[in-house]
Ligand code: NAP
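To begin, one chain is listed below as structure tokens, in the form predicted on its own.
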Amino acid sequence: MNIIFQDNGNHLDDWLNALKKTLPQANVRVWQEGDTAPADYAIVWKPPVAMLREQVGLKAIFSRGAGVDGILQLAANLPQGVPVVRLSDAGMGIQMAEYVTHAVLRYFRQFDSYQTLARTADWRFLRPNMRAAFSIGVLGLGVLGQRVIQALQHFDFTVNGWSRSPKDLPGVSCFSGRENLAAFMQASKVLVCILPLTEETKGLLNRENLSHLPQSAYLINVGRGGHLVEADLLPLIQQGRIAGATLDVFSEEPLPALHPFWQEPRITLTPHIAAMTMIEESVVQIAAKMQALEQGMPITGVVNFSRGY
């Protein structure tokens, strides 16, 4: 089994050691510019066009993360008929649940406001939020979205969910389709975006849609930076229409030092760390799927190109 691996500067030795340990029989090589030698499988993250365009014998292309938009944007240059396979959780679900739950509780218990008061030694009690009026809306009901919902339900929050196609989840008021997006937004005091980035979801968090949220709502984006129209969010926060935002992903990463988000105290920023790829768990999953394909067996996580996930 020949595997080409894309080095994008992140933990190369850890990935190679894990692959050697899990697939000792495989020949794994790090792809270099000009390498057109045959391979059975490719493991990539936002690969350069040249890496996959010349490959004619690939059986599958594996993403090193749950997102595949960095691969699908090369659609015209991908080998025809070769499946693209995304990671299914691989340790990321619990991390997403931790991140989102922390952000929700920070707003619900008003720790952000108490932190502001503490800077000026202002000893003051704030009227507590009522749980019944603090509903959470989760955009995206895939594996990660459902794991986030389970964590939020543990704290007895009312949870709404929105997805492209209808879903039925225990204890969740499910909405689907663009025709029900406004109603979903209106019912969600806190909006959590964990959608895949597709042509349909790009720019979904724009002024029009965000304006359907209740007054003084909150936004948490752990999906992709391309979901948010950044220029639309800032005035909504400055006007008090949206009370605060926690953002982990951005249109340009790293976020430029002069970006106005850095100067807005009601926006909490983190550097795309809501769910870090767990290398050993990911390699075990990828290896199991490769072995299944070698035996002619079906696998999960194969991307539907028309849907984008």
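One rule holds for the numbers: they count along the sequence shown, beginning at 1. Being a predicted model, the structure only gives us computed values, none of them experimental.
Same protein, other form: the form predicted together with the ligand, not shown, and the subject of what follows.
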> Out of L144, V190, V85, V100, which one falls within 4.5 Å of the ligand in the predicted complex, going by heavy atoms?
Replying inline: L144
> Which residue, R241, K59, H272, R266, has a heavy atom that falls within 4.5 Å of the ligand in the predicted complex?
Replying inline: H272
>> in the predicted complex, does every one of E208, Q215 and A245 come within 4.5 Å of the ligand, counting any heavy atom?
In response: no
> With the partner removed from view, which of 151-159, 190-198, 123-131, 76-84 is the stretch that lies within 4.5 Å of the ligand in the predicted complex, judged by heavy atom distances?
Replying inline: 190-198
>> Quick check on F5: any heavy atom within 4.5 Å of the ligand in the predicted complex?
In response: no
>> Taking any heavy atom pair closer than or equal to 4.5 Å as contact, tell me whether P47 reaches the ligand in the predicted complex.
In response: no
>> Under a 4.5 Å heavy atom criterion, is V222 part of the interface with the ligand in the predicted complex?
In response: yes
>> I'd like to check something about R106: if you look in the predicted complex, is any of its heavy atoms closer than or equal to 4.5 Å to a heavy atom of the ligand?
In response: no
> Though the partner is not shown here, which residues of 162-178 have a heavy atom within 4.5 Å of the ligand in the predicted complex?
Replying inline: W162, S163, R164, S165, K167
